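Shown next as structure tokens: one chain only, the form predicted alone.
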């Protein structure tokens, strides 16, 4: 069989008709590299032929409306890098009961200025063995209580009519132990056992355990589970009911790519690849971030660009920015379109607890110094816990040791130290090492819960101010901001999870509470907490959309503010320049920005303000737009390039 495309595009690719110019053009662009990588990994011509044939079938099955979106985004490949994207993460059941309920709430989503919704895992799972939806039993079936695949397709089509993008989780590292493959493997069918890591003795598992770290050492210790009914060990790096897939088997890769393309054809715009670094397993390694992982992600990118080029790949890689950048690939051979800015999120809350912006400044300068092609998703809170994976080398140099500092942070956010107003709970606490992660909503961590419980209006205003300041800071970062559903109305911790035996052992459900629609209606009630948060965030979102200086590809750097508790961020794009100034302290501060002597306009009020002797109230902030130079003034572009160089190096 000939798999190489000739110059006249007349080659036979797995029997694909020769008259589809669009598919052939895309395939011609990627064929050499895709085949080379596939053969390097698997060396299997027939499986490669099957893959390319199925790719054409999925392309043919792709609806006309989706193909129009593909064409528009191929013509504008930078579409997701503008300043008009705002995301929201939500659980379908908690937000609106089911998929049809989400569709009925699209007016509210638009009112939140959101045009990118991340639907948390919605594929079929088994109750009690789901890990929040990340143990999938069927990659082509929606949970029955959520609706059907037809409901999902209707939702995505309606979203597209309104200009809203839809993101989903693609859990490709493992399946549920209740997946058909797993059931047949457990029954002893060799073909299906080879899709996982099965061993009839503990010899090889013990070798793996020597080098592979544990993901959940307290709640799910070890990386293997013994199956007494079939007399084998199976690799389970996450939970015993999540069986790791063996991507050494080309059948696994092919079938998962077919699932990927099936979901893309339901109208999904962004596919979040769960647990990307874990995909490839190799004895004698940590089974993290191996070379073959990048081969797989690169092939996914090419398969997507051939079949459904409007679809973006979002990688879940939980490491500091400088270590996640390999998952972007290169400019010539890209992998993920977007990655999470996980460490900056954790460092933000460290800054709240310490009132010291030093570590955050260092991290933002690293991000600001990366190529502008790299797009990060920024957030304050998500569905998961906060793991304190900070830059402890830098903190140690400042006299802070890792173990006691983690304890301080967990005590602070539980309201037990540091004059804290936060409320929340620990997750995965290890009584031996003292290590733990933290759970709580943004509003509860900012003090809204405590102030409301105590009926303290002064404390409430301060909590709201901190909450809004943190969102303004997040909007100023380089990348795409994402809200967690409920944060726009300051939703607090939900302790009712403890009454549900299926959730009581997982404190992450404290911030995964149901959307309080009764409270959401209060955004129209002047003076309510919900209105005060919602309206202020809406104002910030409006400014961000209207000012080109917030473009993802803008230059970003930090500026010395003269006070450790104050963070100053500079942004520059196409002649426009602004400063975001943020007070992480509960005390009033006065600072001056000495790198610029031009007057500024307060972007929130329109008033003129000087960069000298700026008075910042407790948890206050400014967005200041620098007035353009006059025609006879020195060139602003050269000015800013110099400042950026100096800022990044300082």
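The structure presented is a predicted model; accordingly, all values stated were derived computationally and were not measured. Positions refer to the first chain, counted from 1.
There is also a form predicted together with ligand GLC; it is not shown, and the following applies to it.
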| Going by heavy atoms within 4.5 Å, which of 495-503, 444-452, 383-391, 350-358 lines up against ligand GLC in the predicted complex? | 383-391
| remark: As a check of understanding, the residue in 406, 423, 512, 577 with any heavy atom within 4.5 Å of ligand GLC in the predicted complex should be identified as 512
| task | Heavy atom within 4.5 Å of ligand GLC in the predicted complex: which of 508, 251, 143, 186 fits that? Just give me the one. | result | 508
| field | is_contact(residue 316, ligand GLC) in the predicted complex, heavy atom dist at most 4.5 Å | value | yes
| query | Does at least one non-hydrogen atom of residue 275 fall within 4.5 angstroms of ligand GLC in the predicted complex? | reply | yes
| message | Please tell me whether any heavy atom belonging to residue 238 falls inside 4.5 Å of a heavy atom of ligand GLC, as the geometry stands in the predicted complex. | response | yes
| message | Even though the partner isn't displayed, in the predicted complex is residue 475 close enough to ligand GLC, meaning a heavy atom within 4.5 Å? | response | no
| Taking ligand GLC in the predicted complex, which residues of 24-51 have any heavy atom within 4.5 Å of it? | none
